[in-house]
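Only one chain is shown below, in structure tokens, and it's the form predicted alone.
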């Protein structure tokens, strides 16, 4: 019997995940089909999982924290970071994982000599990646519009700023990362232009977790002739790791990556 997989999010029409996973299912001769589902209310995620008879799912913005709440069991890392982007249905129980963080860590390996990282945004993706980067020896600072979202990070020992308090700092960063959806469907920047004018000239590189689009943030970085990278590699690597969970580790990372990379 064919197993059904999906991605839950809003927006979700742009997602490359169905193509990535279906190429891998076909290439590896595994009986699975991957779709997409635009979810209007994150609180419905658990019920939709069972209503649609989903075997496994990825969760994208803005529901990674809702996905965390929807699970019956969490792996230790997902438990630690409070955000889930991969869920497996095992005999009526939902098991939650986070593959964003290891995917991001692998994606930034090429930027040598980077130690100080500034995240623009403090959502679910920032939650997981800040933890894994710190564990790997990076110094992570978070900048967010509102104070409320920063509370958890501060309690976990991260340095945090709002747009208003940031102007008082003279900190410098090697890597500036847009962790928000700003620029995904419009031409907005993730923070005030004045802040970008301050941090980007000092940075060694800039990354946007949005993929497949020359975002306003990346265009801004190009003005300063900085190396840039979109979220494609992060998407690829987190997808491979999720596929390993989907198929109960039946295939190696390299086998999955070979087919999944064709989507790019």
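Numbering follows the first chain given and starts at 1. Since we're looking at a predicted model, the values are computed, not measured.
The form predicted in complex with a small molecule is left out here; the points below concern that form.
Each of 64, 184 and 209 is positioned with at least one heavy atom within 4.5 Å of the small molecule in the predicted complex. Taking the partner from the other structure, the small molecule in the predicted complex has no heavy atom within 4.5 Å of any heavy atom of residue 116.
Of the heavy atoms in residue 231, some are within 4.5 Å of the small molecule in the predicted complex. Of the heavy atoms in residue 179, some are within 4.5 Å of the small molecule in the predicted complex. At the 4.5 Å threshold, heavy atoms of residue 188 reach the small molecule in the predicted complex. Scanning 145, 80, 134, 106 against the small molecule in the predicted complex with a 4.5 Å heavy atom cut-off leaves one residue, 145. In short, of 66 to 74, 37 to 45, 24 to 32, 233 to 241 it is 233 to 241 that has heavy atoms within 4.5 Å of the small molecule in the predicted complex.
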